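Shown next as structure tokens: one chain only, the form predicted alone.
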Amino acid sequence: MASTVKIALVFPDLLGTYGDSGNAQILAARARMRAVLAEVITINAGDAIVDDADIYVIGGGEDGPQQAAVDLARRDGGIARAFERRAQFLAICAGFQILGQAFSTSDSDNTPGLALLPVVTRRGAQKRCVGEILVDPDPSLGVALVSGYENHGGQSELLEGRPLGKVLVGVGNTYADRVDGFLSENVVASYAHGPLLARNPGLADLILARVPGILLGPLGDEGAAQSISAMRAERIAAARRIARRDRVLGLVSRHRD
């Protein structure tokens, strides 16, 4: 039985462009708020990747750092070993692409990933996906609407498996599919920054609860819970306002044409 949750933050010096490193801190904070000890292990470029952590957090980054991160991870092998023993993974944006079969950079449209997830990412032909994203998560998770902010040019096709959820506002994996991320028993992947778990603490609790031997106690800070709920409501309302505005502008544009 795990007495302390070990959370590995992978290459925040390379994959920390969008504040996704905060997801590791949120996991640790939510564990402690529920009477579970937590430790965050920061793994920078050049460090050995521990293969015995309970949860691995991989964030977003630009093309060069993303390429460097996948090269380092492949040579080290720690991520693959942790994945093989079914450790939990939270992969955001570039992290999602890195775990996949292949992804695009400015130099190549077929850069090999770690081949741990059935997803291939190619360069998008349309404009970059930037803005608020709102996702209706897979009902099996039992969590509320997922709120975040996406900023990516790649289009990620799931070759099999299921997404994190259906996109209500924004783009997600591809322009056409209207889904976001990937979901399995040991992976939560998404294009949502924010950081994702700061906006969606229920998702953090779900990831923690998946760690074998962890029993989450009741939430200890009701004041924090109320503040988080208010923040979530504001972000969800903002996303819906933006979606309504964009629909109106689209109708006006088509009418003018």
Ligand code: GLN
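Residue numbers here begin at 1 and follow the sequence given. Not measured: the values here are computed from a predicted model.
The form predicted in complex with the named molecule exists for this protein as well; it is not shown, and the discussion that follows is about that form.
Engineer: Residue-level question: is R30 within 4.5 Å of the named molecule in the predicted bound form, judged on heavy atoms?
Structural biologist: R30: no contact with the named molecule in the predicted bound form.
Engineer: Given that the partner is absent here, does G153 sit within 4.5 Å of the named molecule in the predicted bound form, heavy atoms only?
Structural biologist: It does: once the named molecule is placed as it appears in the predicted bound form, G153 has a heavy atom within 4.5 Å of it.
Engineer: With the partner left out here, check for me: in the predicted bound form, does some heavy atom of H193 sit within 4.5 Å of the named molecule?
Structural biologist: Judged by the heavy-atom cut-off of 4.5 Å, H193 is in contact with the named molecule in the predicted bound form.
Engineer: Against the named molecule in the predicted bound form, would R123 count as a contact residue? Criterion: heavy atoms within 4.5 Å.
Structural biologist: Answer yes; at least one heavy atom of R123 falls within 4.5 Å of the named molecule in the predicted bound form.
Engineer: Note which of I133, L164, A94, L90 lies within 4.5 Å of the named molecule in the predicted bound form, where distance is taken over heavy atoms; exactly one does.
Structural biologist: Checked against the cut-off, the match is A94.
Engineer: Given that the named molecule is left out here, which of D205, D63, D51, D47 has a heavy atom within 4.5 Å of it in the predicted bound form?
Structural biologist: It is D63.
Engineer: Within 4.5 angstroms, counting heavy atoms, which one of the listed stretches 30-38, 205-213, 227-235, 53-61 is next to the named molecule in the predicted bound form?
Structural biologist: Only one stretch passes the 4.5 Å heavy-atom test: 53-61.
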